[in-house]
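Okay, so we've got the same protein chain twice, two forms, each given alone as structure tokens, structure 1 and structure 2.
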Structure 1
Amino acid sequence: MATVGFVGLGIMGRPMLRNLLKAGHTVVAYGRNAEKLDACVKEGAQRGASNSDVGARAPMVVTMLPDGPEVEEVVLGAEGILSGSKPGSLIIDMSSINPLVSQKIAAACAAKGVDFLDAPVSGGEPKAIEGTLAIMVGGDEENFRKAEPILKCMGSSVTLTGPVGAGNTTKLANQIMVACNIAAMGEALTLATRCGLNPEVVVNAVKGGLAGSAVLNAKGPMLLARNFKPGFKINLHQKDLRNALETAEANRVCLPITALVQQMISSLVAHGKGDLDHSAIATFVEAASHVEVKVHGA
């Protein structure tokens, strides 16, 4: 069993840390929220004094934070993990951030002889709790092999997708398809509803064919039931598409649909809907068309 550092005790980090403890690993935890850190210690984690302290005590450290700036601060800051890490240790960032930032952090780590993997996840809180996240890893093969037994405590699918940054690039590809598929579902069902059809009948008529998708199966029923309890918040999807568009511009890639969907999200955020589940991306076109997609008679 290994000693694993863990920084970031939010909605995702807490259950992921718990799964490391369950598997028998020693976990040195740290987070700025004292209450959450206390709770982790009660569950069996060792108390880290600071990011730097976690780096000093654990040869392998997992971070799970909101976005790139937080990861830069926690890893590279004056009192960051890296300031404590011994050469030869490994930092695994499981946050969903801009892959360009992953590469920048990896370079700073390498300069101190510390290895780095980006390993963002998909599946949200339920799969974090179950330990069945999909984990997309970027980095070199040797570090991947070192991290794999740790990652397998938290995820059911752990894939090496390329060098550092590739994990987050894969995650961005995922988030582009999810957001665009939700928005396309919104257009299709808004048209059908305005034309007098029952959108539930439409979903059932098409979901077995080429229009079928995990989005239609999982998010279609939420839209029809007007149930936008998150799940995954629009605010977070806005962050992911921002990272996708920044990465695209830096790499000279043109993403017109992603850019359009990001503008739809901006409108929803302006209307105070940023904390709704991302299935509500489909409501932009509804509102623009002055119609509401719901089951007939509902």
Structure 2
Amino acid sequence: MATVGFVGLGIMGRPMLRNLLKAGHTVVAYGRNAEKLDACVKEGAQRGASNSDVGARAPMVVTMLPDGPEVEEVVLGAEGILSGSKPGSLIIDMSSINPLVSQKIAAACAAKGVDFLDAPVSGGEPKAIEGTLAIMVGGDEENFRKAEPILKCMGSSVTLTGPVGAGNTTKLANQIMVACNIAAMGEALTLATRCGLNPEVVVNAVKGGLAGSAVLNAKGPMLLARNFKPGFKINLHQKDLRNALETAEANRVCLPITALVQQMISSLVAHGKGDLDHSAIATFVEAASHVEVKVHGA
């Protein structure tokens, strides 16, 4: 069993940490929120005094944070993980950030003899709880093999996608497809509802065909039940699409559908819906059409 550091105890991080504990690993945890850190300690984690302390005590450290600036601060800051890490240590950033930021952090780590992987995840809170996340890894194959047993405690699919930055590029591709799928689902079910159909019947009719998808299976029932408790917040998906568009611009790629969905999301955020689950992306079309998609009789 390994000693693993863990920084970032939010919606995704805490269940991921819990699965490491269940697998028998020693986990040294740290986060700014004292209440969340206390809860992790009660579940069996060791308390880290700071990011630097976690780096000093654990030869392998996982970070799960909102965006690139937070990862840079936690890893590279004056009291960051890297300041405490010993040469030969491995930092695994499982946050979803701009691939260029991953490469910047990896270079800073390499200068101190510390290895780095970017390993963002897909599946939201439900799969984080189950330990069945899809994990997309960027980095050296030797480091990947070292990290793989730890990653498999948190995910059912763990794939090395290329060098550092490739994990987050793959995650951006994932997030484009998910956001556009949810937006398309919203358009389809809004049309069906306006035409007098029961949207639940429509979902059940199409999910076994080519239109069926993991997105429809997971997010369709949430829309129908008007359940927007966040497993993955709209605010975070806005961040991911922003990173996708910035990466596309840097690589001279045109992403017109992504840009349109990002504008839809920006409107929802402006209307105070940023903390809702990203299934609520579908409500943009509802609002524009003055239609509410829900189970008949609900």
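Each residue is numbered by where it sits in the sequence of structure 1, with counting from 1. Bear in mind the structure is a predicted one, so any value in this text is a computation, not a measurement. Rigid core (definition): largest C-alpha set, two forms, superposition within 1.5 Å.
Between the two renderings of this chain, the form predicted on its own is found in structure 2; structure 1 comes from elsewhere. Checked against the rigid-part motion between structures 1 and 2, the candidate from Gly186, Lys219, Thr169, Val75 that sits at the hinge is Thr169. A rigid-body turn of 12° separates the smaller part from the larger between structures 1 and 2. On rigid-core superposition between structures 1 and 2, the C-alpha of Gly231 is found to move 3.6 angstrom. We note a C-alpha movement of 5.4 Å at Thr190 between structures 1 and 2, with the rigid core held in register.
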